[in-house]
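What follows is a single chain, given as structure tokens, in the form predicted on its own.
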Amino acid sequence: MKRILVTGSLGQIGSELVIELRKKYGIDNVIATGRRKPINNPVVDDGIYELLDVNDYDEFLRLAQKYQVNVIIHLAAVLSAKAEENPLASWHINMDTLLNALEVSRITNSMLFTCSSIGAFGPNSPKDHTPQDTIMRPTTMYGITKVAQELLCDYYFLKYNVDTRSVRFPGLISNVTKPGGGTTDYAVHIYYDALEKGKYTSFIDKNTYLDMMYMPDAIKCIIDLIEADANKLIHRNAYNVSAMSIEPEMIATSIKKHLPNFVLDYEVDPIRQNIANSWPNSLDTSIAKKEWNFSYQYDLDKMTSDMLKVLQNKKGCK
């Protein structure tokens, strides 16, 4: 039986992943952690929750040993746009906490899942159908930390036999948690503003194609990979995954099928636009499909329908 410790469990991915992990593996086998303890939060209230600053290696190790975990899902990180605001701090947060997670995994003989990103690619990477293995020379601190993460996880697998696994997530679109500083965040905000205001001003320019995935597919992706046969995993750090390659006008068109009067305009943010321009238009996900049967359920229109339905049922979205 898997006993799983999740860092960053209150974030965009963690807040939904923890709920699904508890359903699949049992409440007593999932240990959610975070730096704060908000009230009336299902991650905190409906299962095991521990305060943890992942910079604190001793406490990280203590909790892993206390609960006898054998899987660590390390989600704590600074995202792309936020990382550019304070690059040095972002390097320390993203890399120091990763080293802690790797060492705790090594000592406790735990599997380690981490999230890499399309940000690991750079302007010299092929833009369309970007291969699993290709040149990776990112021009952002976020991307640099992700490449370093992939290499470091490979190192711990090869040198210490730590069962490290990772995916290069595209932009993730959630109907539960608003985003926290990513370049692809526009693809979440657009749905909230469509319902609340009837219009959205995009900080990413038209014809800027980026890979995206709906959060239910991302959660399934994580669970599928941690359940995969280790003997079949060759490109374990990290797999290209994606569900759709889209640009703002495509989302607007999809929204207008439900809200015909929706208006999209633009006020491009140069920082995030430059980041987006350095990323792929679309990823080749064939290796993930071959090695662990990666799949997804939501295309753009199916995602839009579900997003709007869920958000309309939330307070404040009429």
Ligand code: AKB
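Numbers follow the displayed sequence, beginning with 1. From a predicted model like this one, the values you see are computed outputs, not experimental measurements.
Beyond the structure shown, there is the form predicted together with the named molecule, which is absent from this document and is the topic of what follows.
**Q** Please check if Tyr142 has a heavy atom lying within 4.5 Å of any heavy atom of the named molecule in the predicted complex.
**A** Contact check for Tyr142: yes, within 4.5 Å of the named molecule in the predicted complex.
**Q** Using the partner position in the predicted complex, report whether Thr183 sits within 4.5 Å of the named molecule, counting heavy atoms only.
**A** Result yes; Thr183 sits at the interface with the named molecule in the predicted complex.
**Q** So in the predicted complex, is the named molecule close enough to Leu195 to count as touching (4.5 Å, heavy atoms)?
**A** No.
**Q** Within a 4.5 Å heavy atom cut-off, is Ser80 in contact with the named molecule in the predicted complex?
**A** Although the named molecule is absent here, Ser80 would touch it in the predicted complex, with heavy atoms inside 4.5 Å.
**Q** Consider the chain as shown here, without its partner, and state which of Tyr200, Phe169, Phe121, Phe113 has a heavy atom within 4.5 Å of the named molecule in the predicted complex.
**A** None of the others qualify; the residue that does is Phe169.
**Q** Heavy atoms within 4.5 Å of the named molecule in the predicted complex: which stretch among 72 to 80, 215 to 223, 95 to 103, 128 to 136?
**A** Going by heavy atoms within 4.5 Å, the stretch is 72 to 80.
**Q** Since the partner is left out here, which residues of 279 to 303 would have a heavy atom within 4.5 Å of the named molecule in the predicted complex?
**A** Counting only heavy atoms within 4.5 Å of the named molecule in the predicted complex, the single contacting residue of 279 to 303 is Trp279.
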